[in-house]
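Before any questions on how it binds or moves, here is one chain, the form predicted alone, in structure tokens.
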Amino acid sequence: MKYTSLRSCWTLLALGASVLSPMAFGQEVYRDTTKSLEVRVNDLLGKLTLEEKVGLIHASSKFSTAGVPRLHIPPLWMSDGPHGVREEIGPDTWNPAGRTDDFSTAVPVGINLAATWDPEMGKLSGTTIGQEALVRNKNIMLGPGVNIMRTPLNGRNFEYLGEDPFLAGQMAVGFIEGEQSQGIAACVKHFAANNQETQRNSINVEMDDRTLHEIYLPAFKAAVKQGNVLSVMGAYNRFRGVYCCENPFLLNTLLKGEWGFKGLVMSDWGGAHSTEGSVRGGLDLEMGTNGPYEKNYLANPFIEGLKSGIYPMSLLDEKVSRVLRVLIATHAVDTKPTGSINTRQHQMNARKVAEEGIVLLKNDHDILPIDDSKVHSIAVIGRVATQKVAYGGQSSGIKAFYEVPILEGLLNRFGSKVTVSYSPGYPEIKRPRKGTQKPSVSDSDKALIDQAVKSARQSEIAIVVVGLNHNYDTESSDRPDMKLPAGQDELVSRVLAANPKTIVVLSSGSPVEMGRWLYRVPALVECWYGGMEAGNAVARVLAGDVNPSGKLPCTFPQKLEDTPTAAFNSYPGENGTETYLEGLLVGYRWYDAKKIQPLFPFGFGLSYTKFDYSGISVVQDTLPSQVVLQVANSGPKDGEEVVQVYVHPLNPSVPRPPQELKAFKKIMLSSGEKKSVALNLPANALAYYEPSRKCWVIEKGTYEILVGSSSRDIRLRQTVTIGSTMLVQD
């Protein structure tokens, strides 16, 4: 059925239902909202024919399944994703449908959200997207993405939540709770070990059990057990030789068995590879398989296997039940909540998240914030200052109602009082073709730099906006290196020579190298990709209307050679297999263990005010424990601080990272204010995973509880002693 006729069908059904008696379907148990979810699922399951059941577990268009018109069950509609509701595409193609009613609010990307270190910002983003998904008639939004940043080169780092599993998990839980509070199902992805885009459709990932359970599973587990996420998307890659979307260990043993997940597991688009693997491996919904939908692995081939007795009917019923849970939970068979789209509140939500995630990385001599009563001219330099990014990266495809680039935001904030000039500074950022050398700086490129330098010399302050775009930060390919492209390093160096009062604003989805000029630049701000209000958010931080409070959710290494994957020369794999030789030492765990000085450490971020820590105590009567301390704002401005708690085991009997994040809390303090802050340590905060017992172990011994403003800025510490070894089930 074509897209237009499908929509028309359900429009007519809706019109027909509206003229029937309100009691016309009142006796149908599956439509009765006073009944429990399981009672409704079982009632509806019993009314379906074999063909109707199978129609619910595979695609009937790029983003939908078949409905059941006979029972007034509409199709299950999905959409990307983690940053807003994407534009509509054709039913059988990725080409835009050309509609005029598919705009949406573009919220900041996942790495920006993680940099807020505030699950409430996750709720804000999730709630905003959920409300707009209702208006756009969606059931499932494909996000959040929680794959760990194993290498800074991963093209999809921008949409994920950083390098630490605890931080990623807690941020994901906030997002899921916000989105699902609106009657929209979240879909956590990509399960599991999808940490690179290079060879993503075929690469086989190998790692030990401790690494799997301590690094790559916890964010997914938090989404399931804390966030009660309704759907999970399998990854493209193989894990231990088996495709993730057909992997019985990941999907049946862990996800549905040990974790008790009751929702549906869908394939990533084209992630299913066989009927046998999909049926028995734990997949519930097949999406994106090429070819006629009736020939999908979970379509006619599955029906044939059921009729011939190859597969028991119980396997089908279990899959259908999981799909029905999501259909019913998202009000597909009763009255949907009322949504809203592009409201002023949504716009302000997007701006708030962008502001909270901006990280002040350097501010020598308090050059920031900019006082517009004293500064009369600003040179804005850099093509990134004008770029729009909501539509990019393939995984988002958002048609934003509007976008405020950084230059526009600066003009909005400073333009009425300050003379603002603009120079592009460098050519358009294009991705170099694989295997080709980067072109040398041309005469026209040099002319762009010369123009920018002249503008900087004639202005009191220069703001150089550098970074990447979605030619680099994108689905389906990884970055070639960590360098800034298009001669941006040379531009910054020359502008600094012309005007020492130069502020660098970095817009990127993952770390970049800055060693050539960082030591000379007085101020540096990381703003990521901040959604449709990005420019206004950046301007408000630079002006001091907002005190920056973001913290890095990932380590910024000095150079690519410092990273663990480079040290082991393991990325992007050999002969089709990627072995995670660094094991547990991912992100800051690696730099701490190897005593490598990063450019900027995990958890780092400055403020326009000063925070003092004192008086730590650890309440250890029971597990989980509680860490209590006092934080004072001794600086001149109101501000937010992220209190971070790390655990350092002393003399462990098994290899463990030097320290690991186990709690955090973002607090607001007025200038001069002092607060007592309590942070709960989860039950397994001191534990490691023991593969032989398949459980978590808190080993007898002494542990340091470290409290600080970043992983490398520990302010307080206290030891606790565990008298006997304990097993923890979580």
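Note that the structure is predicted; figures quoted are calculated from it, not measured. Numbers follow the displayed sequence, beginning with 1.
The discussion below concerns the form predicted together with a small molecule, not included here.
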Though only this chain appears here, would Glu355 touch the small molecule in the predicted complex if you measure heavy atom gaps against 4.5 Å?
-> no
Is Leu142 close to the small molecule in the predicted complex, meaning a heavy atom pair under 4.5 Å apart or at it?
-> yes
Glu582 near the small molecule in the predicted complex, any heavy atom under 4.5 Å?
-> no
At the 4.5 Å heavy atom threshold, is Phe63 in contact with the small molecule in the predicted complex?
-> yes
One residue of Arg351, Arg150, His470, Lys189 in contact with the small molecule, assessed in the predicted complex (non-hydrogen atom, 4.5 angstroms) = Lys189
From the list Cys554, Met233, Leu410, Val505, which entry has a heavy atom within 4.5 Å of the small molecule in the predicted complex?
-> Met233
Just one of 532-540, 478-486, 117-125, 78-86 has residues with a heavy atom within 4.5 Å of the small molecule in the predicted complex, so point it out.
-> 78-86
